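One chain comes next, on its own, written as structure tokens: the form predicted alone.
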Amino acid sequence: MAQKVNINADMGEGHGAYDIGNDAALLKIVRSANVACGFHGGDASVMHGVVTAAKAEGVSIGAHPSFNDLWGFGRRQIDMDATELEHMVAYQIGALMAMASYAGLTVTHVKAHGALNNMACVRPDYAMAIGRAIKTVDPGLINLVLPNTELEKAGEELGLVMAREAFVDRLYEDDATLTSRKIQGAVIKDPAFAAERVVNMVRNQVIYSRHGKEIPAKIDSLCVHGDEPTALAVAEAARKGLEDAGIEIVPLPEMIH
């Protein structure tokens, strides 16, 4: 049985005058933050605020790059040249590294956002583009990916430091991909259900599909979507459930052996 696990959340997804998510409260629950780098959300001031607050809470930070899609919050699929995508991801990692310097923090991981993540899970060219960007900017960065995907395969092929995640607040299909948000119930909003589910996932190192299938998967980290209105309640319940089960919650770098 796994004795420790990381909890991460997507943060810094506001922009300008628009504030999205309760980052301050989530930073007291999670141990790692995936910080938007300006393309689907976030800007220089938002990033600065998140990394400063993360430093105060002892939370590790990672880049959360996306397609250049503020209008669609990075959730619209975009077909583009893989080399251009690689440069776009590298650019966003560098942006967070610059802002992290203001807090004296080091960026420790990278996790692709939204449609970019979903497409890279099934497209080898996108997965390799993300992996090459990480390896070029800093080969010591942890590549946080969904298990059993092209992203995982690319990271392993490139020799990247890898961590695998599962979602606290999302349903899965039988092939371990995320259930489309177009399907009712795809986002889990019930804190009790979420907590019971993630405890079993971590204990058994499996992902449960919405049809009841058990899919073996190494789980280093659990993600909560910070932009969901129920994020705080779900994250609190998940952490309490895990700790009550004797599972320690740690920053992502402590999950890498």
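All figures in this text were calculated on a predicted structure; none of them were measured in a lab. Note that residue numbering follows the sequence shown and begins at 1. Think of the rigid core as the biggest set of C-alphas that the two forms share within 1.5 Å after superposition.
Another form, the form predicted in complex with another copy of the chain, is not on view; read the next lines as being about it.
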*Which of Val107, Ala154, Ala166, Ala133 has a heavy atom within 4.5 Å of another copy of the chain in the model of the complex?*
Ala133
*Using a 4.5 Å cut on heavy atoms, which of Gln205, Asn68, Ser209, Thr230 is close to another copy of the chain in the model of the complex?*
Asn68
*asked:* Within 4.5 angstroms, counting heavy atoms, which one of the listed stretches 155-163, 183-191, 77-85, 170-178 is next to another copy of the chain in the model of the complex?
replied: 77-85
_Residue-level question: is Gly14 within 4.5 Å of another copy of the chain in the model of the complex, judged on heavy atoms?_
yes
*Closest heavy atom of Ser45 to another copy of the chain in the model of the complex, within 4.5 Å or not?*
yes
_in the model of the complex, Leu141 touching another copy of the chain (heavy atom, 4.5 Å)_ = no
*Contact flag, Met99 vs another copy of the chain in the model of the complex, heavy atom cut 4.5 Å*: yes
*asked:* Do any residues of 4-41 have a non-hydrogen atom within 4.5 angstroms of another copy of the chain in the model of the complex? If so, which ones, in sequence order?
replied: Glu13, Gly14, His15, Gly16, Ala17, Tyr18, Asp19, Ile20, Cys37, Gly38, Phe39, His40, Gly41
*Is there a C-alpha shift of 2 Å or more at Asp227 between the shown form and the other one once the rigid core is superposed?*
yes
